[in-house]
Ligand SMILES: C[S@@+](CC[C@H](N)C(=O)[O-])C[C@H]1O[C@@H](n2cnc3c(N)ncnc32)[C@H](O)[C@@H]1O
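So this first bit is one chain, no partners, the form predicted alone, shown in structure tokens.
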């Protein structure tokens, strides 16, 4: 899920050269480099993406980057700009601001050695949500055997799980996104034919899986703030996340872990914890709630709100 309405920024806007070097040392070349209120800058391999609400923010960030760039061991191949609209219907793909327009808009980035393909012309989102990096690392460290990745998009959670040896099922309404996910499997030397991909409405798929008595050791619930599924069926995170979690609990194997995550500004971590506890009680299940470490490139309040549920 892409970050939606920006929240309060509470640290230095630009990461330091030492922090940049730490990303490089970890095999990661996709991360934020700057955050101000209402705007931010992301690095994707050899490219930069400036995200902004108004032109004055873009001008400010480009001026600041020009002044700071010599401190970083990096020269961008291209610079893209992406306006942040108030309404989802107004979302547009990033626009090339600097660089050769004849260069392919597809590229590949790395995160802790994992490869993910991006496409700057595919739509508003380029292919990887950076604020889920710690959750992807956590999933990989859990080494689950069977993983259900809902609202899977380009399947980055599925890829990290498969790299840890898991069988994965990726569910997303968009076949195009799942096809990009299969490409990400291939980029990492994984055979997509050994995994499952369902182009379907998550809200309809989970009950079907439950009727088939399927169980998973890890379940990823990172839905969009708002979407429409099959036959125009609406999903609104603030209204429907609890029901989604309760459906997922029916698929959880003993000791499973469930990621509950959202960029909906009305659902902060305490609210997610309330939803988790209420759902566990309703399902007559026990579980502990856990947090992943904060991301150094995402100031407090700018990344997705997240809770991991560890079933007991």
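Residue numbers count along the first chain shown, from 1. Treat the numbers as computed from the prediction; the structure is a model and nothing was measured.
This protein has a second form, the form predicted in complex with the ligand, left out of what is shown; the following refers to that one.
Taking the partner from the other structure, the ligand in the predicted bound form has a heavy atom within 4.5 Å of a heavy atom of residue 229. Shown alone here, residue 201 lies within 4.5 Å of the ligand in the predicted bound form, counting heavy atoms only. Contact check for residue 215: no non-hydrogen atom falls within 4.5 Å of the ligand in the predicted bound form.
In the predicted bound form, none of the heavy atoms of residue 183 sits within 4.5 Å of a heavy atom of the ligand. Shown without its partner, this chain lists 76, 224, 192, 117 as candidates; in the predicted bound form, only 224 has a non-hydrogen atom within 4.5 angstroms of the ligand. Contact annotation for the candidate site: 40, 44 and 80 all lie away from the ligand in the predicted bound form (no heavy atom within 4.5 Å). In short, of 129 to 137, 93 to 101, 106 to 114, 184 to 192 it is 129 to 137 that has heavy atoms within 4.5 Å of the ligand in the predicted bound form.
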